[in-house]
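A single chain, nothing else alongside it, follows as structure tokens in the form predicted on its own.
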């Protein structure tokens, strides 16, 4: 900032000297936008041309790759709709009827994270430093999400967090430049517990299979907190496996099968969830106990089918049958289905709606300046999206949004090839928000 003032003063003196020599007035007006606004991150450099760049990272390989491919398609559709003024972009009041964002085309690149933080950090660093990203997005692991959050904070580039369920993402690891839309483990558990009490019962014994990283431990802790406090369930402990390094779950599942539990809480996600559930059946676990999956991954229903998932309770960020009651969800689901020939799963929903919410904040701020866009996002402006009304809390940058609780359908209940789950609860966001911000200490300034 000091250097910027020095340059402006020097320029003014030169112009004043020239004006005096020419016999004109000695005062030269410097536009406020040039004199008062400080460069932040890649602004204004990244917004000077006819387009702005968004850096996207999703896992196309690794245990979360199926979800990652769906996630990427959500970004592709959202960017197409924003550039062409179609889909939800034709209905958001702040830019309805316009093509592009503030008159600029949105361009992007995607990099494969391999479901690991290091490739994501390397790719996003390149997007920020070489492509001058005005915003970065994308993750499917909370470990990746938290690492990208910290990178965005360091470079002062806005980060619309992708998929991340760990409490830490908007809790102790919250960042001024990052905003998360997926429900935290706390929110999901609080929405899920009443349904489990009604459908499975009180005073049950539960045992957990947990991936050893932030997401796994958050989900175990929050699910245990609400089932024990509200339902009188008792935890018999957890079987913790190394995330991303396990294909044979036999030793963990043998302990679960012999635990005497009534409920098997499977916290595994993506490909790890599919593998562990198939192996659990071989151990006869489902003959002894009910299974709960607190956060059901995108293609778990399709990859396992109703034979495994029928009657299984859990939560999802979004499920496509909301399109039957919500007009904004119908636009999203129908346009996605038309383009990709299947109904979107929830990673695509996160990608699509995060882009729309970011674009709305930019349009209302009338600038890509991240400081002003952050202020708009923190202002609590309510926007109609496929989940209904959504907005962000200033205190922790967690989106306030409804949480769907679902149960897997039997084969006889399925109406079409994508109809794997029934929504049995849609808990309003304000009812599940943590009151203490989960340890987030959000800075008050940029």
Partner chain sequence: MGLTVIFGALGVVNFAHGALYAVGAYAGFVTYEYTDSFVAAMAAGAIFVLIVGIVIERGLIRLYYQRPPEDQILVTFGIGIVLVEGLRAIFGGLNRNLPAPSWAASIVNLHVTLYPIYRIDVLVIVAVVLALLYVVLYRTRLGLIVRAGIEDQLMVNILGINVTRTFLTVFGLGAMAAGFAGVINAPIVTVSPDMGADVLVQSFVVIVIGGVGSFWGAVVGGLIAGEILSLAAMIDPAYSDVMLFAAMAVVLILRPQGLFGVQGRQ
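Residue numbers count along the first chain shown, from 1. Given the structure is predicted, the values throughout are model-derived calculations rather than measurements.
Quick note: we don't show the form predicted in complex with the partner chain, though the next part is all about it.
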Inset, instruction - Could you tell me which stretch in 201-209, 351-359, 75-83, 240-248 has residues with non-hydrogen atoms within 4.5 Å of the partner chain in the predicted complex? - result: 240-248
Inset, instruction - Quick one: from 405, 54, 66, 402, grab the residue that has a heavy atom within 4.5 Å of the partner chain in the predicted complex. - result: 66
Legend entry - Sole residue of 371, 106, 304, 236 within 4.5 Å of the partner chain in the predicted complex, by heavy atom: 304
Inset, instruction - May I ask you to check whether residue 264 falls inside a 4.5 Å heavy atom distance of the partner chain in the predicted complex? - result: no
Inset, instruction - Although the partner chain is absent from this view, report whether residue 336 comes within 4.5 Å of it in the predicted complex, heavy atoms only. - result: no
Legend entry - Touches the partner chain in the predicted complex: residue 62 (any heavy atom, 4.5 Å): yes
Inset, instruction - Mark residue 340 yes when one of its heavy atoms lies within 4.5 Å of a heavy atom of the partner chain in the predicted complex, and no otherwise. - result: no
Inset, instruction - Tell me whether 254, 278 and 284, taken together, all sit within 4.5 Å of the partner chain in the predicted complex, counting heavy atoms only. - result: yes
Legend entry - Contacts with the partner chain in the predicted complex, stretch 118-154 (heavy atom within 4.5 Å): none
